[in-house]
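Encoded as structure tokens, the following chain is the form predicted on its own, with no partner shown.
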């Protein structure tokens, strides 16, 4: 499975990608913000997106809305991994179109469970 990881922190991208690799997801791509994520989605095919919320240039919420508004990417499962833990934030992310939500810090088991849940048909 091909996964695009969008986060402005290179350290967090590396942590997420290392976690994904340990879980068996070996084909990971990365982008440093939502705008770059949109550009990457135009040039590569992925099966899932994992995005942060707080990023420069284009936030995670704006990025998700762009993904959902594009015919070619609107079907992609999206997992948001963020420090935003407030109930209102989770509701806002769900309204924007995320399939699941993880609050940092996280465990590999949490990521695994949330990915599996996001991949299940509705």
Partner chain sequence: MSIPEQLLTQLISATEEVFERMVFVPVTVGTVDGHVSAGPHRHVVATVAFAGHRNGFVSFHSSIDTANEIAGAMLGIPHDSVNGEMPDAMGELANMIAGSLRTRMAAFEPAWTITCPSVTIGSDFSTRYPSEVSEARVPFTMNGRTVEVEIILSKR
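Bear in mind that the values here come from a model prediction, so they are computed numbers and not experimental data. Numbering follows the first chain given and starts at 1.
Form predicted together with the partner chain: not shown, discussed below.
A residue is said to contact a partner when one of its heavy atoms sits within 4.5 Å of a partner heavy atom; residue 104 meets this definition for the partner chain in the model of the complex. In the model of the complex, the partner chain sits within 4.5 Å of a heavy atom belonging to residue 12. Taking the partner from elsewhere, residue 45 is found to have every heavy atom lying beyond 4.5 Å of the partner chain in the model of the complex. Proximity of residue 86 to the partner chain in the model of the complex falls within the 4.5 Å heavy atom cutoff.
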